[in-house]
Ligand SMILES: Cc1cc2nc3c(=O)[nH]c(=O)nc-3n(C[C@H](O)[C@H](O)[C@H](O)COP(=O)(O)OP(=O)(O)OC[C@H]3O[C@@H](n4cnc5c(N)ncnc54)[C@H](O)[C@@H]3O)c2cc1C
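The chain below stands alone and is given as structure tokens, in the form predicted on its own.
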């Protein structure tokens, strides 16, 4: 077995963002390695008969990025639902509506399953000539020198690279090794997810209810189905998960004001804790962070994975346009990546943090302000367009 190999870029983490970055660099002329701890079948396995309860709202900008890599064309169009309208409800009969027609776009977002997109991206990677896949294998040691980084795997092999990309999730090992740290803020909420069949057609509308005890979203899936993301405190999350199927369906039906009629289970519920992570930097010598390794935010705007795709898109663009700079881990290139990403990341984190605390609050004055704000914004078309423009990228 070859114990030592050299690459231009080593990407650690083969989830959606890491895989999309590798795919975006297939014509870059760079030699790439992707290191993933899970077996290939865990990432590329997809059974169309099953519905994945983990879904994403993919923005038009992210869709264009995935189309360029060739991954989007490999998706089953019958498993993708277009969001043509979004209706947001406050807790005092206030409402805010967005529509693709008002924005002059074909759709506000596309809803699709995590496993389907992961499968499509790995189909691209398996045919990529400038990419070497290392899996299932874990990282053991990461060392830095002025001209390269050295990654030792737990099977004894060593990979040398000009640039290490940390795409290894919210508890990033790469981030830790690079000495980048910050204390995460616990939102004291869990996101409960599940898919349901519905009585009434959703008509391509995504619904969201800001309630004193949580935030409920029902997102359109193909046919008469929706995907739920209900952000609630840990105690309510535990109660929802402990309910029978009929009890949970009744709870969601009532919380959504019977907007889509009665609901029936398609996938069982699951939950995961929510937190905010704002890092002082997303690059270090020979290291760049992308996706959840670079930022965590509340899912209420559906922008977590899109922010990650914008990381991958920006980093790929900088590496592709580096000109005569042969060193793709050059400090100036990495600083340029960080500068270009900082505003977008902080804007999304501040927006989601502010909205979560504005609506999950019992202060009477804030209750009045937030609902007046929703109604006022709904009447001002230029303001609505400005709010949505960022989310379309």
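Residue numbers count along the first chain shown, from 1. Computed from a predicted model, the values in this text were never measured in an experiment.
Not pictured, yet referred to below: the form predicted together with the ligand.
- Although the partner is absent from this view, residue 66 stays clear of the ligand in the model of the complex, with no non-hydrogen atom inside 4.5 angstroms.
- Residue contact check for residue 37: one or more of its heavy atoms lie within 4.5 Å of the ligand in the model of the complex.
- In the model of the complex, at least one heavy atom of residue 16 sits within 4.5 Å of the ligand.
- Mapping the unseen interface onto this chain, residue 283 falls outside it, with no heavy atom inside 4.5 Å of the ligand in the model of the complex.
- Contact with the ligand, judged by heavy atoms within 4.5 Å in the model of the complex, is confined among 95 to 103, 317 to 325, 185 to 193, 251 to 259 to 185 to 193.
- This chain is displayed alone, yet in the model of the complex one of 216, 142, 131, 305 has a heavy atom within 4.5 Å of the ligand; that residue is 305.
- Contacts of stretch 247 to 284 with the ligand in the model of the complex, defined by any heavy atom lying within 4.5 Å, are made by 272, 274, listed in sequence order.
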